[in-house]
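Given next, in structure tokens, is a single chain: the form predicted alone.
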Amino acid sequence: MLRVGITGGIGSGKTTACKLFEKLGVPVYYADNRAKELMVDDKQLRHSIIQNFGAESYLEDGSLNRLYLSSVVFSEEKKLELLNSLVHPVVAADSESWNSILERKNFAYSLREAALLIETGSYKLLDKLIVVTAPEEDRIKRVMLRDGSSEQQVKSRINAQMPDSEKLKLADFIIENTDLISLAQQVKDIHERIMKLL
């Protein structure tokens, strides 16, 4: 089974592209979503987060205090690196067991969706890489709408990420997300190209 990564900056439309791949029968591991689940469900990881970032990392109902954690890690690079160093090994192990199950089910390829595939170096463990790009103004609007963030908050998150120009150098396939019709066609084309590789 081929392992394909899909990444892109915040608001680029990675998740929308993944949903289109899923419609074509491709299983997708949503690393960023799974990370949020593991930060709540994995007792050891939860303990490490509280030790390093304080009890306020979690709300009274036990859910992740995303607003608090974001405000801490996106204002200080060292704190973001620390959080990533706690979360990424747990997600990597979880992803590995997910892939093992899929391999026994004879899927042609799987997708691993993550914002920081390149930054963490985990793209090196994959066979191919798809990078999703979109105009910055579209990305800002999408994230403001999705998260209720201010324009300045979104811009600071974009600036904290690796620029698209660097990601594109490592891409095997590029999706330029400008509208849904074009996005669906690009996903279909890439799917067909990957199937031909097999």
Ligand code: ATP
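Nothing here was measured: the structure is a model prediction, and the numbers come from that model. Quick note: we count residues from 1 along the sequence shown, nothing fancier.
Beyond what is shown, the protein has a form predicted in complex with adenosine-5'-triphosphate; the following relates to that form.
Enquirer: In the predicted complex, does Asn177 have a heavy atom within 4.5 Å of adenosine-5'-triphosphate?
Expert: Answer yes; at least one heavy atom of Asn177 falls within 4.5 Å of adenosine-5'-triphosphate in the predicted complex.
Enquirer: Determine whether any heavy atom of Arg46 comes within 4.5 Å of a heavy atom of adenosine-5'-triphosphate in the predicted complex, and answer yes or no.
Expert: The answer is no: Arg46 has no heavy atom within 4.5 Å of adenosine-5'-triphosphate.
Enquirer: Applying a 4.5 Å heavy atom distance criterion, does Ile10 contact adenosine-5'-triphosphate in the predicted complex?
Expert: Heavy-atom contact with adenosine-5'-triphosphate at 4.5 Å: present for Ile10.
Enquirer: Any of the heavy atoms of Arg142 lying within 4.5 Å of adenosine-5'-triphosphate in the predicted complex?
Expert: Yes, Arg142 lies within 4.5 Å of adenosine-5'-triphosphate in the predicted complex.
Enquirer: Where, within 143-167, is there a heavy atom within 4.5 Å of adenosine-5'-triphosphate in the predicted complex? Residue list please.
Expert: Only a single residue, Arg146, comes within 4.5 Å of the partner.
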